[in-house]
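The chain that follows stands alone, in the form predicted on its own, written as structure tokens.
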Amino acid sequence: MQYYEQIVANRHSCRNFAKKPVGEDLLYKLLTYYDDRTRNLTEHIKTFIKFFDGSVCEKLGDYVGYNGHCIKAPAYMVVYSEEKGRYLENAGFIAEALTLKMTELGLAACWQTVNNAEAVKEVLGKETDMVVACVVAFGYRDKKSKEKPVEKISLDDLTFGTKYGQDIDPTRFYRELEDGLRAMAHSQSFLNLQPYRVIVDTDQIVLVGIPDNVTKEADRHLNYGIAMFNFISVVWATRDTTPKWSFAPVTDRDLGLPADVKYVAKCKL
């Protein structure tokens, strides 16, 4: 409960950053946090992160950001990854861990849509064979800004019972599970559309993707990884042993998924 209320619920996307630079001490803390490999969604995909200062904003131009506009910030975090199956979910999972750490350190962040990954890699310097998986702008929030948090999806709209579209029994929610699901509802996604839903059973939850005509494919997979980390992060704070997400298919029950709804992953409770 404490982690959800103090960190996850307080993490809101930022468009207006102060000019104050991010100190080397904070960058070191973020890098150390990243080096804890337990925060990987999948163990077989190699990644690394690199921080850039605000001067790269002009270079990034319309290669990242919304509507061809890179959000101006004092710092940028780029996650590079091997291009393997589920690499975008894994990158989203890792980057969300780091953005929540930024919140804990008093920083704000904004995910940038990568419109041209090859061009981003070119302007930042081709020093690796890995691909650019995601870019996050970060720094201190401008205290003069009147920017307000965007309303996210409700827990009722996010969750179903044992099958897709089925009403959920509210007595199924115990505090740890409810907070974890609220954390998923609070997750960042492209234009805050949250193109996913969660089926809640007695022994597991299942994340499924729903169609929309706006979210690009790469953003969709990053969104899944972000949501998956938000759930795990809350459970992490309350358990000695944390359950893990699995992409293995569900074969022991009928999820009742419509043809246009796609299975993503499951997590044993």
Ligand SMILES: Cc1cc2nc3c(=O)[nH]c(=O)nc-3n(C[C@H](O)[C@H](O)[C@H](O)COP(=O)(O)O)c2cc1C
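Start at 1 with the first residue shown and count on from there. Note that the structure is a prediction, hence the values are computed from the model and not measured.
Omitted from view is the form predicted together with this ligand, to which the following refers.
Peer 1: For the three residues Tyr34, Glu89 and Lys244, which mark the spot I'm curious about, does each lie within 4.5 Å of this ligand in the predicted bound form through at least one heavy atom?
Peer 2: No residue of the spot touches this ligand in the predicted bound form.
Peer 1: Select from the listed residues Leu60, Met228, Val234, Leu222 the one whose heavy atoms reach within 4.5 Å of this ligand in the predicted bound form.
Peer 2: Contact residue from the list: Leu222.
Peer 1: Note which of Phe190, Tyr80, Tyr140, Phe160 lies within 4.5 Å of this ligand in the predicted bound form, where distance is taken over heavy atoms; exactly one does.
Peer 2: That would be Phe190.
Peer 1: Tell me which of 81-89, 176-184, 163-171, 111-119 has residues with heavy atoms within 4.5 angstroms of this ligand in the predicted bound form?
Peer 2: Heavy-atom contact with the partner occurs in 111-119.
Peer 1: So, in the predicted bound form, is Gly209 in contact with this ligand at a 4.5 angstroms heavy atom limit?
Peer 2: No, no contact at 4.5 Å.
Peer 1: Report whether the minimum heavy atom distance between Val132 and this ligand in the predicted bound form is within 4.5 Å.
Peer 2: Answer no; every heavy atom of Val132 is more than 4.5 Å from this ligand in the predicted bound form.
Peer 1: When the contact criterion is heavy atoms within 4.5 Å, does Ser13 count as touching this ligand in the predicted bound form?
Peer 2: So Ser13 counts as contacting this ligand.
Peer 1: Consider Phe51 of the chain shown here, and say whether it contacts this ligand in the predicted bound form, taking contact as heavy atoms within 4.5 Å.
Peer 2: Judged by the heavy-atom cut-off of 4.5 Å, Phe51 is well away from this ligand in the predicted bound form.
Peer 1: For the stretch 134-171, I need every residue with any heavy atom inside 4.5 Å of this ligand in the predicted bound form, listed N to C.
Peer 2: Val150, Lys152 sit within 4.5 Å of the partner.
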